[in-house]
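Next up: just one chain, as structure tokens, the form predicted alone.
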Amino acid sequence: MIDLNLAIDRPPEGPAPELELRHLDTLWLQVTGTLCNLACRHCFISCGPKNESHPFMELEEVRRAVETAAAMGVKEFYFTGGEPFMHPQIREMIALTLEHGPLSILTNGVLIDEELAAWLAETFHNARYNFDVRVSLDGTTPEENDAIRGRHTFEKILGGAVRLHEAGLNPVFTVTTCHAELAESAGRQRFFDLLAERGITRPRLKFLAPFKIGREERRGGAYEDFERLSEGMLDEEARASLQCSSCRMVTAKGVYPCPILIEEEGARMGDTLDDAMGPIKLDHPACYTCFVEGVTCRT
């Protein structure tokens, strides 16, 4: 591994590393593109109610991508957006995907009412493969969370998660550490305490570092010149740990290396998964975050 103390304030020397796809283990699908019912201030692809940069995927597009990936030996699927539960055919998409492998859905939880929670829990119990729902929450108080996700979202998010729990499906909570103290042990304990107060007795939490692109660049600042990868910084262990060595992202506009880069110029790899099986260059500063922070979008 690189000695990060030597990299501070100094641009890396040499070209960006190239990374092979070792095996397609994880397929991401941007089922609602960049359309979302929220416009979170830290969103690295600037999703929102008016962002149609990536439109909804059609049901047949999802089916084709899932079946192609399954034939390639993929091990798991993820639905993201935008907000996946905005899609009018999300239930059909869930059903067809669970015929081929485990599925996780990333959501802000706001649209999960009692009827949807009951359907999701029933699907979880009846599915051949594992089925998970991941709910994003960025603070243990309305003041913390709503400063990132918007006014009055704290209780709406928790309400959706509690409904999932009461229906019999234990959600994963994803926390982006925009508030630095939430990355520390005391901050994490506050989440456990909050969820216990809401009756979620077996909480599951995933903490993610923010990516300084999209709206997060305006909120928290851009990448510095030194925050880049160069050839020689990655050993074999690091290469294998990076999520883009084993995943691809499908959107209505084509295939990309990972969920982070779908709005980045030059990141599109082609129209189909077959077009995206080749190596990629880790030449975006977001790749630095994945490396330094050990980030993976997988649960």
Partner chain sequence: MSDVRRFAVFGGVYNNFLSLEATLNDARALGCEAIYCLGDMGGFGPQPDRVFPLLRDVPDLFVMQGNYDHSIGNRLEDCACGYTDPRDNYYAQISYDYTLANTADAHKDWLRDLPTEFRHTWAGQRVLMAHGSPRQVNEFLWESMCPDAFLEHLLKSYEADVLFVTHTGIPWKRELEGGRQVINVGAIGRPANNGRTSVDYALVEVDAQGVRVDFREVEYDHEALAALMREEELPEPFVETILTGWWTTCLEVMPARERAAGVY
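All figures in this text were calculated on a predicted structure; none of them were measured in a lab. Positions refer to the first chain, counted from 1.
This next part talks about the form predicted together with the partner chain, which is not shown.
Participant: Would you kindly say which of 105, 164, 157, 74 lies with a heavy atom within 4.5 Å of the partner chain in the predicted complex?
Facilitator: Exactly one residue meets the criterion: 74.
Participant: If the cut-off is 4.5 angstroms on heavy atoms, which of these, 227, 132, 217, 144, is the one near the partner chain in the predicted complex?
Facilitator: Among 227, 132, 217, 144, a heavy atom within 4.5 Å of the partner chain in the predicted complex occurs only for 132.
Participant: Taking the partner as it appears in the predicted complex, which of 105-113, 121-129, 82-90, 136-144 has residues with heavy atoms within 4.5 Å of the partner chain?
Facilitator: One stretch meets the cut-off, namely 121-129.
Participant: Quick check: do 63, 96 and 151 each get a heavy atom within 4.5 Å of the partner chain in the predicted complex?
Facilitator: Not one of the three qualifies.
Participant: Using a 4.5 Å heavy atom cut-off, state whether residue 205 contacts the partner chain in the predicted complex.
Facilitator: Flag for residue 205 set to yes.
Participant: How about residue 100: is it within 4.5 Å of the partner chain in the predicted complex, going by heavy atoms?
Facilitator: Residue-level check for residue 100: yes, a contact with the partner chain.
Participant: Check residue 179 for me: does it contact the partner chain in the predicted complex (non-hydrogen atoms, 4.5 angstroms)?
Facilitator: Output for residue 179 is no: heavy atoms all beyond 4.5 Å of the partner chain.
Participant: Given that the partner chain is not shown alongside this chain, does residue 70 nevertheless sit within 4.5 Å of it in the predicted complex, heavy atom to heavy atom?
Facilitator: Residue 70 belongs to the contact set for the partner chain.
Participant: Along 25-57, which positions have a non-hydrogen atom within 4.5 Å of the partner chain in the predicted complex?
Facilitator: Stretch hits: a single one, 25.
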